[in-house]
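Below sits a lone chain in structure tokens, taken as the form predicted on its own.
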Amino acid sequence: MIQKKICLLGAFAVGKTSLIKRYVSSLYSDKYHTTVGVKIDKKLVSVGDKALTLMIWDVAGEDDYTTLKPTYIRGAGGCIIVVDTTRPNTFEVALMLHGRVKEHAGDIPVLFALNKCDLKEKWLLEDKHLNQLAAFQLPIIKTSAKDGLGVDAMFQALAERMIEV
């Protein structure tokens, strides 16, 4: 069995914990719980004929008072950087975190999750944001922890990219 560490990164309250709960336990709650430090879950998945154990690190959100500790991403096989589609400032945090991942973890598989896509009427990301993300030539997956949109596909896409490496 192959074991891979993946980190979910992003600004505070982008939905990292909710995405993980939806994926691991098929649960969703509207209640907000701040992650302190890191919380680790695991899930068994298959990629082709290979079985993987994903060690999913839910890393505390980046804000003015909390910054990503390089030790959290050291040894990661891949990262998901989450952007809240209703808060454009989380886009800037995502770009900064992408730079930190490259600096501290190297050229590992990364993808961007555009979360809270169920809130279409509150979508505030513009084409310029999407074009800037597209320039990285990394997968961009639209997700909603609330209704499950893209959640399984996001984790499966990252698992497949990690097996290719």
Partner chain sequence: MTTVVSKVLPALYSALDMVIFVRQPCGLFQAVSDLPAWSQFWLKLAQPSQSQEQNYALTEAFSYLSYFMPDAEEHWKQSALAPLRSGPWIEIDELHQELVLEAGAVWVEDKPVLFIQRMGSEYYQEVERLQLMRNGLLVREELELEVQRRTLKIKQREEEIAIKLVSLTSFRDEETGAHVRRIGLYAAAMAKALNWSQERIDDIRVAAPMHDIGKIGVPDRILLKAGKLTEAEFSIMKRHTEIGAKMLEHSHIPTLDMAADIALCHHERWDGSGYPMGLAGEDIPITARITTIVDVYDALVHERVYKLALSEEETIALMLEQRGKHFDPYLLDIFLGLLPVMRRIRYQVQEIDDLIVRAD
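These numbers come from a predicted model, not from an experiment. Positions refer to the first chain, counted from 1.
Below, we turn to the form predicted in complex with the partner chain, even though it does not appear here.
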Stretch from 22-30, 94-102, 49-57, 134-142 whose residues place a heavy atom within 4.5 Å of the partner chain in the model of the complex: 49-57
Can you work out whether residue 44 and the partner chain are in contact in the model of the complex, taking contact to mean some heavy atom pair no more than 4.5 Å apart? no
Whether residue 69 contacts the partner chain in the model of the complex should be assessed with a 4.5 Å heavy atom distance threshold; does it? yes
So, residue 106 and the partner chain: in the model of the complex, are they within 4.5 Å at any heavy atom pair? no
Just checking whether residue 13 would be counted as a contact of the partner chain in the model of the complex - the rule being heavy atoms within 4.5 angstroms. yes
Given a 4.5 Å distance limit between heavy atoms, list every residue of 93-127 close to the partner chain in the model of the complex, or none if there are none. 124
